[in-house]
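Here you get one chain, nothing else, as structure tokens; it is the form predicted alone.
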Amino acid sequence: MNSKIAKAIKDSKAYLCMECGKCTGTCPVSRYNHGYSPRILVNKAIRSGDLDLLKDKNIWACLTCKLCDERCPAAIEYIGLTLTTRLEAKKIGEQALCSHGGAAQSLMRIMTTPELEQKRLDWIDSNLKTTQKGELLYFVGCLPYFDILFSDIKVNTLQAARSSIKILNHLGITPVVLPQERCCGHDLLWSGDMENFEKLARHNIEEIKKSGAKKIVFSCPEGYRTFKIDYPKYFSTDFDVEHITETISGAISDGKLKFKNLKKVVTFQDPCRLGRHLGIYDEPRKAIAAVPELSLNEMTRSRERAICCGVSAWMNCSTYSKSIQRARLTEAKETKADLLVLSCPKCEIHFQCAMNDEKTGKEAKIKTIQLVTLIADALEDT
């Protein structure tokens, strides 16, 4: 057996599988794609030859949302096994099933070019204060590219970046924003492209060192997860990382943020990377609770039980994905909320795309807003 697959089986505790099927029963993909089963893939990893596993197209179908890990009575770490399987599959020429013609992945690989000069700061409004050297850095990620790639569905993921900087400025912080920052590499890693993930990571780490930053703040959960968990696995890093909801929560506790009344009812979408991957559930809710007259109606499945937005690393955007998205949007609409509050650019893109689909009825259409934008707009003027 491939030594890395053998190690992944051991590390993930896959041998403890009781074949109870709870992973498959709870999996959002398996609910609609009956040809996909986490339980069967765990069984195949243990019992089958390497090629049988590595050539199975279902290894790319997992959303890596970690809901199966949450429900498994044997505490098997399914997504760790999935990641290693994909990395090894890539080595023998197997490829991820990319959505949008692979445009997003191609863009990320272009960003590995050392001499690439980007023009990526035009979105910064004149009323926002930023710098290129300092102790706190705001990592923007791929937002400037997302808004161009998905301009047909009229997303505005960069508003979350503007709102994050507005909040930091309100706290007296002028964050570093890097002109030559690159994609964090999250999507390439989870699609098995370790070579280009490492190129992006090395570039970002070097740019951060040049800036003098000691703390990195993210509004993107995927970027945060990548810097907090994945970068330290492969590289030496000497900076702290924090999600913007943690920044906001801490500032509220310290009495540094005051808000205007906002008489609305909202519901909140827990991003899989922020929630199950990193355990951040309370901070977003603390931010919502701090705004006077803003009420939170939770969805039936929230926090650890939340259903993700149906696509991972720009792979497998399919009819199954749309079914997951419409079901989740319907659940949000059933709360009678005025707004669905999001905290991830991918959630914004995927839910907006689903609502633009002609097959989506009014029962699955709800206005969305990023949490940082909601908080920034509710700030009391100083």
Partner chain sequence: MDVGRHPNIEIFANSEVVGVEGEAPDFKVKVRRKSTFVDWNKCTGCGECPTVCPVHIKDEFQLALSKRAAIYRQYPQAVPNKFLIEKKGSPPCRYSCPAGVNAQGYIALISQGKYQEALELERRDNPFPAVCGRVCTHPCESDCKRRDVDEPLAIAQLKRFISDHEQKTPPPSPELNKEKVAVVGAGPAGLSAAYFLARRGYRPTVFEATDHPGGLLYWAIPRFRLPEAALQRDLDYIESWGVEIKTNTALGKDFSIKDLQQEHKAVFLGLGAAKEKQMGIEGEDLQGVTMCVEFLNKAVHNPQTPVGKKVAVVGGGNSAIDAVRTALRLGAEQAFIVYRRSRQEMPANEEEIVEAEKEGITIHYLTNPTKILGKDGKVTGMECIKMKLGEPDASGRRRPIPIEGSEFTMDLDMVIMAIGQAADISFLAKEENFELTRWGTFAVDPDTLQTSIPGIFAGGDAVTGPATVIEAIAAGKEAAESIDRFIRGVDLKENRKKKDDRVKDEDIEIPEDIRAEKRTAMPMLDVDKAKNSYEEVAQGFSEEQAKKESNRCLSCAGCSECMECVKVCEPNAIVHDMTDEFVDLDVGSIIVTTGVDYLDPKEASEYGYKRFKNIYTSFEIERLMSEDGPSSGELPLGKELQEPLRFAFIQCVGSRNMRHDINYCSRICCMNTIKDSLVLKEHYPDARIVVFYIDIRAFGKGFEEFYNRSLEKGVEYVKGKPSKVIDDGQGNLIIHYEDEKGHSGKMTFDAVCLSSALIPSKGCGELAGVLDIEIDDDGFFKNSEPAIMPLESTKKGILVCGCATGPKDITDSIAEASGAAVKAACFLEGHELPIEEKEIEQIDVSGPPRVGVFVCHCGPNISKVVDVKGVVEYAKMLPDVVFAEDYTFACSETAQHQIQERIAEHRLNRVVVAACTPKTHEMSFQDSLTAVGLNPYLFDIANIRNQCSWVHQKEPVKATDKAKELVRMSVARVRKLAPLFMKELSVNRDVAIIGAGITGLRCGIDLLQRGFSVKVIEKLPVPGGLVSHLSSIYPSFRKGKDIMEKLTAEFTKAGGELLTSTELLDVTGYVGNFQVKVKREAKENEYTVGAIVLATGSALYDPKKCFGYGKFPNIVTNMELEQKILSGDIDNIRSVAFFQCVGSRGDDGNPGCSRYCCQAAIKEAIYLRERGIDVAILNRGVRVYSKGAERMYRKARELGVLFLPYEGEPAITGKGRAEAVTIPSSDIDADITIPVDLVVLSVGMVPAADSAHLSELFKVPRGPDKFFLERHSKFGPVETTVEGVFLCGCCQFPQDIGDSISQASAVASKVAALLSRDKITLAPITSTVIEEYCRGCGRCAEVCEFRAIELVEKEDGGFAARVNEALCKGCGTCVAACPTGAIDLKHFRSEQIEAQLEALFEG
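Definition used throughout: the rigid core is the maximal C-alpha set that superposes within 1.5 Å between two forms. Positions refer to the first chain, counted from 1. What you see is a predicted model, and the numbers here were worked out from it, not measured in a lab.
Separately, the form predicted in complex with its partner chain exists; it is not shown, and the next lines address it.
In the predicted bound form, every residue of the candidate spot (L97, S318 and T360) has a heavy atom lying within 4.5 Å of its partner chain. A heavy atom within 4.5 Å of its partner chain in the predicted bound form is found for one listed residue only; from A337, A327, C353, I40, this is C353.
With the partner removed from view, the residue among D254, D125, D152, D238 that has a non-hydrogen atom within 4.5 Å of its partner chain in the predicted bound form turns out to be D152. The stretch among 219 to 227, 152 to 160, 297 to 305, 165 to 173 whose residues place heavy atoms within 4.5 Å of its partner chain in the predicted bound form is 152 to 160. Taking the partner from elsewhere, T26 is found to have every heavy atom lying beyond 4.5 Å of its partner chain in the predicted bound form. Its partner chain in the predicted bound form comes within 4.5 Å of no heavy atom belonging to G279. Not displayed here, its partner chain is approached by K322 to within 4.5 Å at the level of heavy atoms in the predicted bound form. Shown without its partner, the chain has no residue in segment 285 to 310 with a non-hydrogen atom within 4.5 angstroms of its partner chain in the predicted bound form.
Relative to the superposed rigid core, the position of the CA of E363 differs between the shown form and the other one by 2 Å or more.
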